[in-house]
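Shown below, as C-alpha cells, is a lone chain in the form predicted alone; questions about how it binds or moves come after it.
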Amino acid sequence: MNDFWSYWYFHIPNFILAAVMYTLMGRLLLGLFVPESWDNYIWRFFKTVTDPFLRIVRTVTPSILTLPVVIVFSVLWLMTLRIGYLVLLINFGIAPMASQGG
C-alpha cells in the first residue's frame, strides 16, 4: 500500500501546515518589495491565506511588534506545531518511520 495513504493522518495536516508556513515566508519576502495595500492577485492570495493565522499570533504577541516580526513569529509557531504533532504521533507509536534497508 502507498505510504501516503497509510499515514494520511500525518501527511495531510503536515502538508497544510507546511503550505501555510511557506506562504507566510512568501508574504514576508514579497512584502519587502511591495506596499501593504498593493492590489495584485498574488498579494491578495497571500493575505487571504495568511491573515487568519496572523490574527491568532497577533493575540499572543505584544502589540508593539511590527507586521514582519509577527509573520516571523507565525512561521516559528507553525514550525513548532509541525514538530509537536510529529512528537505526539511518535509518542503514540503511530508516526511514519524511515524504512530500514535499501
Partner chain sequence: MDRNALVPVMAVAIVNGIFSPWVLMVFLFYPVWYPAWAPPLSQIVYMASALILSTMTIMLAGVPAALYERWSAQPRSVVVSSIWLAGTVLLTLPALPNVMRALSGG
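Everything quoted here is computed from the prediction, not taken from an experiment. Positions refer to the first chain, counted from 1.
Another form, the form predicted in complex with its partner chain, is not on view; read the next lines as being about it.
Residue 87 belongs to the set of residues with a heavy atom inside 4.5 Å of its partner chain in the predicted bound form. In the predicted bound form, its partner chain lies farther than 4.5 Å from every heavy atom of residue 30. Although the partner is absent here, residue 79 lies within 4.5 Å of its partner chain in the predicted bound form, judged by heavy atoms. Remark: residue 52 does not count among the residues lining its partner chain in the predicted bound form, judged by a heavy atom distance of 4.5 Å or less.
Taking its partner chain as it sits in the predicted bound form, the stretch 48-64 comes within 4.5 angstroms of it through a non-hydrogen atom at 58, 59, 60, 61, 62, 63, 64.
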